[in-house]
Ligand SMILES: Nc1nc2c(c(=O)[nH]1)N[C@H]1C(S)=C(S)[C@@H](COP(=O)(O)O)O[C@H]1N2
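The chain below stands alone and is given as structure tokens, in the form predicted alone.
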Amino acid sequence: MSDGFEPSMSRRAFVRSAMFGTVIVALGGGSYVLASEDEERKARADKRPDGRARLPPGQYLLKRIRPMGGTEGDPSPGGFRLRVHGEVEQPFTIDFAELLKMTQVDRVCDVHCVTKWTALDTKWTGVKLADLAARAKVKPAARHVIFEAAAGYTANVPLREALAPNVIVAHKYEGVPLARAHGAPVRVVVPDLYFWKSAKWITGVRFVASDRPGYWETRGYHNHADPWKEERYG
């Protein structure tokens, strides 16, 4: 499985542990940097191009993304295979070397986890999902995308949102290859939905005509996962 909900500390609990400004906090066995209250206040005031606040309701701000666990896949680039299939005219499978031969893009985006943390201006490098879709020639019948990952994990996203320019199949985070805990060698990044939709250790992209709720969606999570509507649970 991939990123999902777990109990999280409130910002007040974080702040109580602070001595000066930014706080180093222990979450899930690691240390993570909590943004200052001024940075968080600015993020709440800042607006995206669509008019929504950069920091969705109910979220607190971290300096960097944190690993969220899950059943890991093979982290070696040599073992990577990505199958693009389903409602497509030309299904194909590519390895890591072939992925790197495709047009590479950098995307700077904010990501939001259902456990209530947000990280701003995260930088990812990879291939646009829209480019993979174009190569496969998605059929008009397709309405949804199912991301397939290690240990049978899946996450579903409406086709229109999956093909947005900021959705990529990423192999680098902040300019370096993905760490194992972040889904090495390749993960999906769908920044405008809660982060569990950004499947780690990805193995397949399947285009389907009918929606098929994934691992967390069948366990009580919201089927869509819009952070600004706080679509945490179904």
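A residue's number is simply how far along the shown sequence it sits, counting from 1. The model shown is predicted, which means the values in this text are computed figures rather than measured ones.
Omitted from view is the form predicted in complex with the named molecule, to which the following refers.
Note on the interface: of 74-82, 96-104, 111-119, 156-164, the segment with non-hydrogen atoms within 4.5 angstroms of the named molecule in the model of the complex is 111-119. Interface residue among I65, A170, L61, V190 relative to the named molecule in the model of the complex, by the heavy atom within 4.5 Å criterion: I65. Contact with the named molecule in the model of the complex, defined as a heavy atom within 4.5 Å, holds for exactly one of G204, P56, P177, G69, namely G69.
In the model of the complex, the named molecule lies farther than 4.5 Å from every heavy atom of V145. At the 4.5 Å threshold, heavy atoms of H182 reach the named molecule in the model of the complex. Residues are counted as partner-facing when one of their heavy atoms sits within 4.5 Å of the named molecule in the model of the complex; in 196-219 these are W196, S198, A199, K200, W201, W216, in sequence order.
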